[in-house]
Every structure is written in structure tokens, then in C-alpha cells.
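The chain below stands alone and is given in C-alpha cells; this is the form predicted on its own.
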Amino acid sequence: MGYPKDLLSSRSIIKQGLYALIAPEGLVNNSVPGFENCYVSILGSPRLGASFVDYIITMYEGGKNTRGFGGEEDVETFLYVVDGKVKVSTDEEEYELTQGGYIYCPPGTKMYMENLEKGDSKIFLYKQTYKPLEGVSAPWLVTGNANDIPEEEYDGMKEMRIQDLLPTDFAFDMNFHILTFDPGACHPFIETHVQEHGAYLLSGEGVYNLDNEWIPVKKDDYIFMGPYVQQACYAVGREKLSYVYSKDCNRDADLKK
């Protein structure tokens, strides 16, 4: 990047345990074992207050992870292709995922990844400790592409739409969704709930209510929303605002903190 051309500044906002807006301009590379020829930025993590870990990774030409990601008996993982083409393999199968493609690997399943583009590919990566539910079967591997999933109206509003990327089954303790807003659209109300989110903006611009503060957001921003933090969004500008995000679900609240 070289010498700065102006006063140093940042749009990022960190409210430990509550919420965070992390702008792409401030991301740094993390040396994570297994990732080769990749620019790995760790976003949400327990150090921020999240119960999961999110990454945004640029895989350069020849970029890969042959060591494997996940695979522990209590860790589930998810990968979403923001741009490019990536081969994702397990010990049993391999999948070629293009933009909008995704894969969920259940606990005990390790994923390996390789960039198939001559240029860069970008992926959004996630891991979390799985919470089993007595009497319910274990989750299973799921793969697909968001471009093949119909958008459904959100709370009866055609200007705001949602896509579920994983099955709505009690075997899964979380889901990934994509929310899309037409310009000028917004949530029906300011939400306050026990669930937390890690969200990556795929397109557009907006203003996001986080803990009753209205904050400008745009493509390539990352947002962490902690439990009970007020949250809602208005889309602004001339193109649709869209983001992919995780949500814990299908489990009762714990008595312990």
C-alpha cells in the first residue's frame, strides 16, 4: 500500500461483546496453519464476543488448504463463495463451487479447499462448536448454490427477501441466510433477540441500526451483532443491498452465561 495519502482514519467500530462494523480497508493478513497463498482475515471471534469464528479469505492463484479445516468431533463449518471458483473436498467427495456456492460440513468432517481460478477467489468461512440435541439425529453435509434458491418475501414484504441455505431441521443448531433489500426497503421493525449474527455484505449500501446507533454500511463490510443488540437495516443507493449471515437456532437458551 505504501505511504498514506491522507490522515489515518477508519470506518470500523468495535463495541466489545455488543456489535462491530469491520471495514475491509483495515483488514490484515493472519498466518493460519494450513492456508497457503491466501490472505486470511479473522473477523468475528470469541475475543470480540462471538460464539463462532468468521473469516474472509482471498485465495490467490494456486491458493489452497491441504491441512484441512474443521474435522473436530464437536466443530461444524461452513464456506460460501463470494467470488471465483473453489474446489472443496472431504475425505469422501469433492465439489466445485462457483459464486454463490456453499457447503456445510457437520462435526467430524474436515474440508479441504483449492482455488480453481487463474486469478483470485474470495470465500466467507465459518466455524462453531456444535450443540447436540438428545433424541435428534446428527446434521449432515449440505451443499448448493444461492443462485438456485428462490427468494421468499420477508414478513410479507416483497421489497425484502430471504433465502435459507440450510435445512430448517432440528438436527442443525444454526442456519445461514441471505437477506436482500431493494433500494429504500427496510426491516419491518427493530429486532431485539437472543440470537447473534455474523454478516458479510455482498452488495449495495445501507444504514444499519446497531444498539440504536444508525451506522452507514456497504459492500464488503462485516457486521457482528451480539445477543439482544437492537438491529435493523435500511437499503440506500441505486442497487440492492444483500448480505449473507449466520444465525443460531433450534436450541433453548442456556442457563449458564
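Please read all numbers here as calculations on a predicted model, not as lab measurements. The numbering used is simple: start at 1 and walk along the sequence shown.
Form predicted together with a small molecule: not shown, discussed below.
Taking the partner from the other structure, the small molecule in the predicted complex has a heavy atom within 4.5 Å of a heavy atom of residue 208. Within 4.5 Å of any heavy atom of the small molecule in the predicted complex lies no heavy atom of residue 127. The closest heavy atom approach of residue 193 to the small molecule in the predicted complex falls within 4.5 Å.
Contact check for residue 231: a heavy atom falls within 4.5 Å of the small molecule in the predicted complex. For the three residues 35, 52 and 79, a heavy atom within 4.5 Å of the small molecule turns up in the predicted complex in no case. Scanning 225, 202, 57, 43 against the small molecule in the predicted complex with a 4.5 Å heavy atom cut-off leaves one residue, 225. In terms of contact with the small molecule in the predicted complex, the residue from 240, 15, 247, 11 that brings a heavy atom within 4.5 Å is 247.
Only one of 179 to 187, 166 to 174, 82 to 90, 108 to 116 lies within 4.5 Å of the small molecule in the predicted complex by heavy atoms, and it is 179 to 187.
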